[in-house]
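There is one chain below, alone, in structure tokens, taken in the form predicted on its own.
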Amino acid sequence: MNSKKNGLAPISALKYLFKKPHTVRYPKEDLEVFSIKGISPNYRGFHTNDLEKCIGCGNCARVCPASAIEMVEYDDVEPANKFANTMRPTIDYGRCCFCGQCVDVCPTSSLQMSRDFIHSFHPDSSLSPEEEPESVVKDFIWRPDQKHADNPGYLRPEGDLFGKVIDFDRNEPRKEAPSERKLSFAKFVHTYSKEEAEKEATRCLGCGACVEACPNQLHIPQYIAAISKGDPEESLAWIYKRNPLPLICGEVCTHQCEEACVVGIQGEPLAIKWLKAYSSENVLKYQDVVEEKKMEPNGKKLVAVGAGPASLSFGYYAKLLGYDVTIYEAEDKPGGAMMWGIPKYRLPKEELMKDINAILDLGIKLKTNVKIGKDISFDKLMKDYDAVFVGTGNSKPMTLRIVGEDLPGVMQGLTFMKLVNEEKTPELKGKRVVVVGGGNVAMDVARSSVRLGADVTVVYRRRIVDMPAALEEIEEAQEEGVKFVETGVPLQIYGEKRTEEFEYAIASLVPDPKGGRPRPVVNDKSPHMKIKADYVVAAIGQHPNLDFLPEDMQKKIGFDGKHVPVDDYGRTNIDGLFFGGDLSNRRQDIISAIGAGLRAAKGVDLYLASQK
């Protein structure tokens, strides 16, 4: 039964004449009353996305319970880092339930929600609502490509991400002080304790941006998640799926993955490399936890030339596929440049051999002190084996091409490092060593010389910030007393019977129009400098050495003196011949070589299957 209307109702309505409106007029008015009352405190509004922070990881699309987010290509954007892709989220507001989970899981905090009332749903935000295309307004779909709003709606709790509080400070492994570590070749970086490893692992967001950056696409989120649960065995099993040299990579990997780590956008990136080392060091026998099983022998024979990371990886994965594998190595020990090019304080030889022996224990035959092209012809390998893999790396040093380079006391970087690892270096205590170059080999030479008692100067033709060496290598060298000369271009080495002085010019740097490193230029006005030098070590890079390969075969595979062209599986233009590692990969690091070996093993399997 309806109640009688209040006869005073028309009069009471007059009170609204004196109240401010509850709606926003167009054009937009700034109504301060809405910050106090009138707007629900739960109002979240539409999304905004800071394109400079967004890395296109797609976490928002994966977590959306209403399937309202789709990743679309967006070309007009400057990625947050060189590994970020150009995909960006598109919101279907016909589906969106405004729950904010997409904001919760955004690893870079680029995605937010706005309390603004006036929005443009078209990428061209200069359009008024009346000018927007009908389809855009009707479908209620918007690509959030605006900067953050001044009046944000829903924000996740500070420091909270994926339902947990994130520590944006990196937990570095303990290191010996520079004054102590430079006195010996003992390993100076301590492996994480269980508590330290678990603490660092819990910082991982599991987004997988690191996987895209890794040259071999390791299962990084999975192996770190296992560490956070206190299970290094499970962690190693995940690592081994794509990397049979886990401890080596844990110690000396170039860790490109860490550059892509989204935690590093707001804080410091995860210590992915050192976490890998933790798992590897805490498993005594790899094969007790590795899940991969060998297939039955198939009767096919494969051979790898060189026992570096590419050939070892190739041999491991080929053996799992049932092949009989033999590796030939010219030196008396396996490992290639890992064995004689990396100093012991970075990679102890017992750790190196732990990884290598785990591979050889599968039944791979290793034959050392065998030079292909001298002891055995390459043609014989092609005849005796069903497929041949070449993973010899780059062993031909580049020279300075200056007067005096033939004087006693002048050496090449890798030659010097081999003497260091064999403990055959000349007496360097109190001597002055000049190292030319700015890569990791140059840093190894410089830091090894310091440990041998030398006064060391590194001369590099560009700036320190342009050096290709790992940043931590440069910083640790500086901490150990290595002096650096920037923009120094070698001119001449002086001496009567041996090296006495080193002369260089101070170059001017010309910007690279393509955005690469600046180019050093020396002209008549460039200052010339001389420094005393008992030894000069040139560490400016290496070229491939394919002297063991017949010339007609070198031409047929397209070898240009620097690079061997191959397809994704390491195949060359010659049937049954595969290449990998530094010979065919311009990154020239261990993890890339491991990936090349894995892909070549798959390539050989596909090739031989097609021959049946």
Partner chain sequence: MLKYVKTLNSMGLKARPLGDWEFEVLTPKERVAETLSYLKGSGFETFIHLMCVDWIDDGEFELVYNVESYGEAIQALVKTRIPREKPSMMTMMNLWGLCQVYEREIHEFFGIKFEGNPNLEQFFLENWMDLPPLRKDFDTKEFSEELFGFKEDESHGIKAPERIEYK
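Positions refer to the first chain, counted from 1. We call the rigid core whatever largest set of C-alpha positions still superposes within 1.5 Å between the two forms. Predicted, not measured: the structure shown is a model, and the values here were computed from it.
The form predicted in complex with its partner chain is left out here; the points below concern that form.
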D375, E180, E292, E501 - the one with a heavy atom within 4.5 Å of its partner chain in the predicted bound form: E292
Selected contact from E176, E259, E331, E212, since only one has a non-hydrogen atom within 4.5 angstroms of its partner chain in the predicted bound form: E212
Its partner chain in the predicted bound form: contacting segment from 318-326, 272-280, 440-448, 476-484, heavy atom within 4.5 Å: 318-326
In the predicted bound form, V370 touching its partner chain (heavy atom, 4.5 Å): no
Contact flag, R242 vs its partner chain in the predicted bound form, heavy atom cut 4.5 Å: yes
D568, heavy atom within 4.5 angstroms of its partner chain in the predicted bound form: yes
Interface membership of R461, its partner chain in the predicted bound form, 4.5 Å heavy atom rule: no
Every residue of M339, R346 and N573 near its partner chain in the predicted bound form, heavy atom within 4.5 Å: no
Those residues of 577-612 which, in the predicted bound form, come within 4.5 Å of its partner chain by heavy atom: L598, R599, K602
C-alpha of R88 moved at least 2 Å between this form and the one not shown on rigid core: yes
Core superposition between this form and the one not shown, C-alpha change of I557 at least 2 Å: no
Core superposition between this form and the one not shown, C-alpha change of N59 at least 2 Å: yes
